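First, one chain by itself in structure tokens, the form predicted alone.
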Amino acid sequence: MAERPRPVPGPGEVLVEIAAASVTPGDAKLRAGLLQTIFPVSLPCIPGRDGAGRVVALGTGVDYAVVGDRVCFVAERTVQGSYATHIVRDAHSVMRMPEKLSFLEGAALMHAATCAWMALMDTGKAQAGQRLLVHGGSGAIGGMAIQLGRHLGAWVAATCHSRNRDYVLSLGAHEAFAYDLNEGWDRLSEIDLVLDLVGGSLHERSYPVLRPGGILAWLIASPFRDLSEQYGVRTVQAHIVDKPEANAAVVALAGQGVLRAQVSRVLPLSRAAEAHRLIEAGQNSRGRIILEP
């Protein structure tokens, strides 16, 4: 922990006093140096991809917010992140929060929900009547994908650890298969879209369950063999970019009660290193770890 000068908003920017910051697997990978070729970081750098708080100061020309607004936000990987008491953001990355959302929920919502949105809507072209399979349904992104798929009118199945089966079903999955018990998800058929958040052998076993021309979209995955040509399907990586339209869409759905942000545990900001250790040890599921400054 260290003290730095409070950031000052420039033209078109707002200063947010952070009430909650989410911890993502990408935060831990970035800190460990595993993403340096994708997101070159110059030290010192404050980590944190997203969070929620209250606008406390405005730069010149700001017309999208007023002091006192409750907002959630996303931050770029290579600049100051959300593990702090204050952050400067702009109209591209700040969304006013619905009153029904708490700061904890606002922080847990943003990155997880926008990843699920882009993977299903932009990459997978998900729509009503389709059959969707989500690998890793008990994680933050997987849980959002289940809820979003169900909202779209898809039939949704998910894989998860057996201890999370009831949780996954509570999010709206029609069926949940425990991979640790070797339950037979791979006996499914005519799946239109697989969202793979696991990879490895689970990915490779997914090809036969897809219909011809189906899509296997992956976002966070262990190494795998691309067998798409052999099975006549498409394998596509979901690319996550900062997209105001996606931010607005998921916040609106949360306000309507369609998407429920999932918080796995809450820690003080001073225990951020512990949060990273939990993620790296695979000991976090059922939503995001949230840090409170």
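We number the residues from 1 along the sequence you see. Computed from a prediction, not measured in an experiment: that's the story for all the values here.
A second form of this protein, the form predicted together with a small molecule, is not displayed here; the remarks below concern that form.
S.K.: In the predicted complex, which of the listed residues (160, 119, 148, 194) lies with a heavy atom within 4.5 Å of the small molecule?
M.R.: Flagged contact: 160.
S.K.: Within 4.5 Å, heavy atoms only, which of 141, 87, 133, 110 is in contact with the small molecule in the predicted complex?
M.R.: When the small molecule is considered in the predicted complex, the option within 4.5 Å is 141.
S.K.: The chain here is shown without the small molecule. Which stretch in 96-104, 149-157, 195-203, 78-86 comes within 4.5 angstroms of it in the predicted complex, by heavy atom distance?
M.R.: Of the stretches listed, the one contacting the partner is 195-203.
S.K.: Given that the small molecule is not shown alongside this chain, does residue 47 nevertheless sit within 4.5 Å of it in the predicted complex, heavy atom to heavy atom?
M.R.: Flag for residue 47 set to no.
S.K.: Could you confirm whether residue 25 comes within 4.5 Å of the small molecule in the predicted complex, counting heavy atoms only?
M.R.: Residue 25 belongs to the contact set for the small molecule.
S.K.: How about residue 230: is it within 4.5 Å of the small molecule in the predicted complex, going by heavy atoms?
M.R.: Residue 230: no, not in contact with the small molecule in the predicted complex.
S.K.: Residue-level question: is residue 30 within 4.5 Å of the small molecule in the predicted complex, judged on heavy atoms?
M.R.: Close contact is absent here: in the predicted complex, residue 30 is far from the small molecule, nothing within 4.5 Å, heavy atoms only.
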